[in-house]
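Just one chain is shown here, as structure tokens, and it is the form predicted on its own.
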């Protein structure tokens, strides 16, 4: 068994040649190949969990998410008020930076967990927070609900998964720009405007049921209307002679997705970076990382990412307990964000030279072996 950081690789026949880009579209040849190889809606490996214990872990409650959401909203108000109160002074800067992370990063975890319907026991509470967080992260709430369902059904299956963050060959400049959100925001706003005009892309039509298309247009129009109102308010403040204070509407709405998204990107890229494509064992394509309590709160425990993908209906507040139950069957978690980045960056840089390479992390002696037979029909991804 290979150790973390070593991995298996299929050596390319000519390492001097630039690797050909893979087809990551959902309507191209990779989609057909995934179906032919039996990788679509396939059987995935799951660690054994006693039925009674799994029922306990999957129990949904309102209390934890109500508490965390109240803190989240309260901190929004506190830091926004501080930024406005101290406007014109350097003291305002840390308030805006903190507000930016709460808006532009913490929203992603709320969007995600409420999209699964597992944060709250009460359905409408999940829906309310889901729509607020979808707006903050600039995602059409209909499109992304369905794309994320596909992400869980066909995790990192090329040609099927619409949410693969690391596409090969990796464009490092775009990955670096993601930490400041400019490219993502531009792309996301463009998608919202297109949807608001009544247009869905061929890929969106591929994973969104036709019965939901009108809802995607409806919510896109609401989002675009709020952004348009924000621009009008800022313009009005500028015309009223308020000078730089006219930027406050943008610092409050939309702007934090740029200046506050760094934590979302920092944690999100670790989920699958440097790991395998086209396999049917989440232990091979997902990463669990031990993180500090602040990051875990912002991220709503999505650092337990192998556990989440293996059992997506377990609420975020039960993931640490789930981790304790099945950790004997999983690769050892990365011990910190820093250690995980060192491992991931080494693997990604090697993937730029050797497109078939992926990191295979060592399993404990108590674990069942990686399920190579589940993806034996994918020669270029076969394990050593």
Partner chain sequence: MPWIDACASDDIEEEDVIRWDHGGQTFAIYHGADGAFYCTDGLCTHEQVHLADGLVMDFEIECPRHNGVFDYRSGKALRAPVCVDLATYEVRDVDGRIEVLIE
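Positions refer to the first chain, counted from 1. Here the structure is a predicted model, which is why all the values come from computation and not from measurement.
Here the subject shifts to the form predicted in complex with its partner chain, a form of this protein not shown in this document.
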item: In the predicted bound form, the residue from 180, 224, 172, 313 that sits within 4.5 Å of its partner chain by heavy atoms; value: 313
item: Residue (of 296, 76, 168, 145) lying close to its partner chain in the predicted bound form, criterion heavy atoms within 4.5 Å; value: 145
item: In the predicted bound form, segment of 284-292, 147-155, 102-110, 188-196 with a heavy atom within 4.5 Å of its partner chain; value: 147-155
item: Partner proximity in the predicted bound form: residue 118 to its partner chain, non-hydrogen atom cutoff 4.5 Å; value: yes
item: 4.5 Å heavy atom contact, residue 114 to its partner chain in the predicted bound form; value: yes
item: Non-hydrogen atom contact residue 60 with its partner chain in the predicted bound form at 4.5 angstroms; value: yes
item: Contact test in the predicted bound form: residue 212 vs its partner chain, heavy atoms, 4.5 Å; value: yes
